[in-house]
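Same protein, same chain, two forms; see structure 1 and structure 2 below, as structure tokens.
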Structure 1
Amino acid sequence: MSETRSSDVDAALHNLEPSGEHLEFSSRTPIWVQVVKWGLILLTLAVLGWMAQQVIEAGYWIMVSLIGFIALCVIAVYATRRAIPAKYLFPGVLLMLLLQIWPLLYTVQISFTNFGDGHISTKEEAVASIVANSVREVEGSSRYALNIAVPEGTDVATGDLAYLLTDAEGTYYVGTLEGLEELPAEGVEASPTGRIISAPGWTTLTPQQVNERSDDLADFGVPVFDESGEQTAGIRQVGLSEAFIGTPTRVYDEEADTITDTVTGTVYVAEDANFVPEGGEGAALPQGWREFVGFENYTNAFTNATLREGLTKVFVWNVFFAAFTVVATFLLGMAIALLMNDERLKGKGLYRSILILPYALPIYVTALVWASMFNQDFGLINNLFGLDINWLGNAWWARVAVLITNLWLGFPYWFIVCTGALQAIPSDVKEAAAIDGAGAFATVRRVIMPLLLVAVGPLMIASFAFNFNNFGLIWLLTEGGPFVGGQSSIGSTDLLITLAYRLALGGASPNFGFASAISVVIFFLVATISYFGFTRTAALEDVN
């Protein structure tokens, strides 16, 4: 007896001890897992390497170092045995950084610059563009027929470029960086238009070869000198077969940092990221450059007369619009979901598909259809009900129209969500409520609603944040209008985001810096409201 017992105990003890098999399993991963793991790591590194190469080509060095850092992290986390929690956290954190934090930081960074139309390039590029675009044909000069060539015996890809030119009289020339020289007509073969096809001592380039030397040709021009030996102009190509005598009419003086217009004599000085005429009279040169402007966009946003006047009005409507939409669409969606949840109802699938339609159709279509239905004279709604309401022309009716449309657009979302959430509520709580003597309304009010709200609370905050910035609906339906009181800056149905859009992009030139500054302000508004929203939903969860 004791023997058997001790052997039983031994067996049990033996079972408790880690067996060799188990040890082997935990210490050595199967070979295929290793292969897959290293395969994935290498693949990730390869993708990162490819990305780095692309970014290097584009010349964004900060991005390159960022990619390098990510690659190091991948190796450190996955190629070693340490940091097990990080293995799980890393992808999520990385995606959050890339998709949430990076755009946010980028927006903030832009909000401190004057980035926008006319202020996109660097100052060097702007100057180059101003000078290049000012090249004009010398008055009274005639054109040359052109071919492009390199000296015979040199490589077409590297040889010194030359223009083979034919002037209006039919005289042949060779133009190099040194100047123009007559070309003996002997042995020259020309087309009927006078263009030189071949000339002894020169190898003409095919269009493709010309193309490959675009960069060299961009800097190429044949100087033209006056009697005193001073350069007055240059011969430049127009395409492949024509050349003209031109001269830049705007010249950059690097030391003084000014541009002089040689025709009018106006001197332009650099000011506020543009070249403006010295003395302030007249228009600035169109090309400006991007620069850091500090808090200027923010001060502009807060001192802008339009924004200051309209902000309170728009903000109140904005909050009301978002809150009303969430509550109304939720209530309607939930009511329909409750009705559709009844077991006695037949053909639920069909009804449900039909009800989801408004959600499934693109808003670009439906919002425009609604806009035409709200037309006072020719719209369906007034015609159908025999009304004469100025839906889109009266401030209050326009707001009603927006709310109706958004209710129609938004309820299917809550219908779907509530249908799902209702099915997750166990039937026994409902039965328990019925046994306790609760009527249908009381069951919904006291049992189903609280359970439902726990599930959909966070979604309501998401919906609020979405509708707070529901640009598409407003822009498609009313464009923020109607505009009352003889102005076109603040519309009656404007949300902050549509107002900001019009302000930032409705000027002469879209100003992304200003737009970013306003976006950042709106971000903080929505973040604050959402924070309090989440604190409230945390209270809801106490039901459990």
Structure 2
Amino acid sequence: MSETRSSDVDAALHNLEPSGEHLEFSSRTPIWVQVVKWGLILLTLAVLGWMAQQVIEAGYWIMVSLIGFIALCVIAVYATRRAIPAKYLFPGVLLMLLLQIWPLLYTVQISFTNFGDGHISTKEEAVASIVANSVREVEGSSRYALNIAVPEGTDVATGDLAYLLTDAEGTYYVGTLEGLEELPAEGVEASPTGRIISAPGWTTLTPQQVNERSDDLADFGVPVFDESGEQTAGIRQVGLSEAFIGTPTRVYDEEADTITDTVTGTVYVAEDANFVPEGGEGAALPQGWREFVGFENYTNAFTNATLREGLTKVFVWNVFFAAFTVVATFLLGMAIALLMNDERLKGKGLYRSILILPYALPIYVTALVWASMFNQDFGLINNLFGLDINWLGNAWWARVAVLITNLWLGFPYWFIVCTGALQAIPSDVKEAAAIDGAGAFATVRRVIMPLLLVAVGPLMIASFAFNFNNFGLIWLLTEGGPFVGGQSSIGSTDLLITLAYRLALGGASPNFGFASAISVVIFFLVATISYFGFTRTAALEDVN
């Protein structure tokens, strides 16, 4: 039997000896790979072309140039055999620019403007809106049959609005912000009353869609110009099926940069991105425009009386909240991971699955459940332990409630991370510590902890940055409250991000420029803390 096996092995080795044949390696790429490559390139260019078409219709010419540049980069990188490293780096660099750098730059740019409620459009659009909204029907003037539409192929929710009009003689018109033009009758379908039902190149809106765009229609009107190009009248809708032609009661003087109300005689002058009465008495016109304001938002952020008084208190609580959360969740997660890593424990898979359940539940569900459990009268915690604590009504107990809830939400993350890191620590290191006489606590503190921190140090910094801006938990659990001292601006559990949200966006007039300035300040605070954190974690690498 052994001789037979030996002969088989010899025969197999003989077959492995060089037979004089030469292996040939082809340098040509298989045809199916070429087809897939060019298919993906063409698909990418088609998507970029569609995006370019959308931004062209929106008038964002800088974005058109950027999309064209990206398309050229795609061709230069992937349509040639050169630049092999760039083929791997290009997607990551592009996504970093689009999802990280561009939002940051856009936020900084917004922080230097007055962008907000009443200051969204340009000055030209604001003037056009003021004039169009002042149109009043002239007695005895004729009316049009009206339908509302958007250009064909555009989104009915965001496309440019237009009036499809029919006058008393049955002539069709289309009215836009550019003016009134006659619509060719060919292809137009109209009802017996003359109202246009459909027209080539236009998509008519249903009554529900018209209602959804009522805010846009409130500021929409069609200007009517004379032969010299001066606006002499305007067309406005009356209900869903009629429109009238009237004259504007407010006239814009471009040379003087003023608007005159022909009914009251009030002259409005441009001041701080609004038209205000020349004499200073009376309200400004509601339509303002967006403009550059320099460091005004940053100056307001540091001189705002409410913000200045509460900023120090909120900042100290914000830092403590983030630091305590990271340390507490890490220690609890690590302790449970050490317990679950003991080889003598049975059913570890089941225990581990149960322990990550808090991490699997949506935060808004968990936060609302904990808010109900902290209820003073009917909450589970007071009833279970026989307490009478006003958890969410007292400033200090509210902070304790926030920390407990975040501990519950955060420890499964560190349990998972530490479980993976513990399994990567060689067992001979722990055996060597035991031979040297180290106890269980000393082994954890002097051997396991330093090795763990090498792996989880950067994650702890990322966790700190996340909790520093943990808007969701605070807003869902306490909305920043409770508010003490008879004021409603600064809550006891407010973080900087929730305080900025309330001051900048929580009022009746949202100010996106001010909110962006606060966000930039928070960004630099977190960036500075993270920098020193990463500097400290570099020292842990010496453990290896």
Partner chain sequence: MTTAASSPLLEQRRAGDLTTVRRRTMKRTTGAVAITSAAALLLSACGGDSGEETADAGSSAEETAAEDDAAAEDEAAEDEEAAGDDAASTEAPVRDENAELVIWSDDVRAPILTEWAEQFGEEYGITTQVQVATDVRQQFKDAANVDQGPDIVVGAHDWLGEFVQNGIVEPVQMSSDTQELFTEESIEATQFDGQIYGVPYATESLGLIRNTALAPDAPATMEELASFGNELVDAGDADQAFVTPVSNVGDAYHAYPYLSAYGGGIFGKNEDGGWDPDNVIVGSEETIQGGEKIAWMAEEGLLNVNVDFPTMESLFAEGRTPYMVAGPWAIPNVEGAEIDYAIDPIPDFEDGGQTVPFLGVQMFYVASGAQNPTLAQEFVNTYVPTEEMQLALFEAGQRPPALKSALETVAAEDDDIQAWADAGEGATPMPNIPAMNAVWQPLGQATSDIVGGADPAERLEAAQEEIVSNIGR
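Everything numeric in this text was worked out from a predicted model, so none of it was measured. Under this definition, the rigid core comprises the largest set of C-alpha atoms superposing within 1.5 Å between the forms. Numbers follow structure 1, counted from its first residue as 1.
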Subject >> Structure that is the form predicted alone (1 or 2) >> reply: 2
**OP:** Please check if G92 moves between structures 1 and 2, taking a CA shift of 2 Å or more relative to the superposed core as movement.
**Re:** yes
Original post:
Cα of L40 displaced 2 Å or more between structures 1 and 2, core superposed?
Top reply: yes
Original post:
Superposing on the rigid core, do we see a C-alpha displacement of 2 Å or more at S488 between structures 1 and 2?
Top reply: no
Original post:
Supposing the core is put in the same place in both forms, how far has the CA of A76 shifted between structures 1 and 2, in Å?
Top reply: 5.4
